[in-house]
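The form predicted on its own is given below as one chain in structure tokens.
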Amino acid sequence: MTGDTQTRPSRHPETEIAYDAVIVGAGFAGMYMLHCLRQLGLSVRVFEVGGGVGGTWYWNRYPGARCDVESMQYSYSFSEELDQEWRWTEKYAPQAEILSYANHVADRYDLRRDIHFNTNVTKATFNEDTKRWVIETDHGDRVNAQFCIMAVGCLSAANKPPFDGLESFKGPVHHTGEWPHDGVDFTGLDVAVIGTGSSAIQSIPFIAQQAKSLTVFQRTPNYAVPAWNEKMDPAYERAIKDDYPAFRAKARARPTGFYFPFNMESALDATPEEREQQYDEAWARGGLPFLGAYGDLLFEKDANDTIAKFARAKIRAVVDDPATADLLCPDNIFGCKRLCVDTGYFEVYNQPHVKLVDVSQNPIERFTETGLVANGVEYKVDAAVFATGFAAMTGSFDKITIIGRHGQTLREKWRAGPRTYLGLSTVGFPNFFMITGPGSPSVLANMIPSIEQHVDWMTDCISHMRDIGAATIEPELKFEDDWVEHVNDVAQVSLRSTCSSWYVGANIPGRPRIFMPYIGGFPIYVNKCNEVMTNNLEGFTLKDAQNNDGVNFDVTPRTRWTERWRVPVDINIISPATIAAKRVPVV
């Protein structure tokens, strides 16, 4: 069955069925995990809350949604045939095209037959007697599996601020992360958009085209770099496809997991004239690679001040009203938050029907039947759009009751912040894997290669467990502690650790302020994972069915899948020496 159907025929709940693995989520992570485990001959069930595959790209259908990584690099790399047959139409693929790609993959590998859609996993419990996970859903399913694998995504739990009086508002309210699949028509309406993050920056120009009036409520302004999107250049596409594996290898050797020109020189060593020229050239290329203009921009405040000044000048050159331009100019570290990529965002504020309201000092007070009140002023609106982001990294885990050994819940363990070993697993939860979990590069790297690397590592791990007869695997506390400390230490090197952003959970009241992704760079992380694998899964305890550890387990794992990740680090871009010198470029 093809497509992203939202409703499916009813089915009988699955009860007391045993699988080798249960996967939660059918985005790019869940689909590839399913594909790999099938190749091992394992029985697998996938539960997906949505009506189709695609994850983020299934839900985020707001107008203007598109990827901020170039299309030729935002795709699976496990199949040369898949690489060659798929054609992208734009430099930066729009949401609909990425979703079509996800559906194409699901069709090509017949993935849907093992996926139950429209099914929300509510509980996962590790049974210490059987050494198996029991997974329950809102559909009445209750199945068990040796492995429980979370492919729930880093940005999939929508943040919906509990504004006073919201229930009394008579108009429709939409969140950009849960956009209606049949679209929204704002023609002739007075519309409020709350938030100016990435989804707002992408959607506001399109909403403004329809709305009678548009009022944007901004708490914190964001930097944005033009995408300069265009139709796919056939010559560029052909050049990459002529040797896609070599291109992928170059990308994997970069800190971000995708390839772009990078200047390792220091901004502080250049003259003002040289910096201006360098920034102009990088701005003309556009997109996330703008942060590659110099090597010290995220590590030296004085260097960052130069690029921030340049970006604010660009905003002021576009926005006609000086007061509005001032409000749109951030005064924080350039790139400390996820850098936004825009198409005509700042220009939209020159339109007479678009208004910007600053709510940084006085937050939105309440909603009324006909609008909302901010700064003591009531704004009459017909519809509201929440572009308020997500409970990043851990929000999707929080929605499921996950119970490990001794009855401990994951929510309890992570109360002071997430704790993992390599972002792959966590102490107290045997045979529990996380794809792009906290403590891995995840959102600081090209997401699909990050997913593939995690899945390949897990596949080799599970394969090895079968070879040696291991029943369970679990991290050791010392190695988890050391990894958490390392993630925190590396984060302190970057100026990003000083920022109030969703990387540290600052957008959710009451959340502990901990830098959650691994900022040390994709290739260094991959090399660490490879090292752990080839050192007999160092840092993990494996036990047999009788709960004995170390029995006949001293056999070096076969690395069928992870061999393709043994690529050299681009030593000119990232190495232990460059980390020490605070030259670790991270987009």
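None of these values were measured; they are calculated from a predicted model. Residue indices: 1-based, along the sequence shown.
Just so it is clear, the following notes concern the form predicted together with flavin-adenine dinucleotide (FAD), a form of the same protein that is not shown.
Taken together, the three residues Ala26, Ala29 and Val152 all lie with some non-hydrogen atom within 4.5 angstroms of flavin-adenine dinucleotide (FAD) in the model of the complex. Mapping the unseen interface onto this chain, Thr119 counts among the residues with a heavy atom inside 4.5 Å of flavin-adenine dinucleotide (FAD) in the model of the complex.
Among heavy atoms of Tyr518, none comes within 4.5 Å of flavin-adenine dinucleotide (FAD) in the model of the complex. Contact check for Pro63: every heavy atom lies farther than 4.5 Å from flavin-adenine dinucleotide (FAD) in the model of the complex. For Met33, no non-hydrogen atom is located within 4.5 Å of flavin-adenine dinucleotide (FAD) in the model of the complex, even though that partner is not displayed. Taking Val49, Ile524, Val532, Leu42 one by one, only a single residue has any non-hydrogen atom within 4.5 Å of flavin-adenine dinucleotide (FAD) in the model of the complex, and it is Val49.
This chain is drawn without flavin-adenine dinucleotide (FAD); in the model of the complex, the residue among Tyr279, Trp457, Tyr74, Tyr349 with a heavy atom within 4.5 Å of it is Tyr74.
Listed stretches are 267-275, 441-449, 207-215, 491-499; the contact stretch with flavin-adenine dinucleotide (FAD) in the model of the complex is 441-449, by a heavy atom cutoff of 4.5 Å. Of all the residues from 239-255, none has a non-hydrogen atom no more than 4.5 Å from flavin-adenine dinucleotide (FAD) in the model of the complex.
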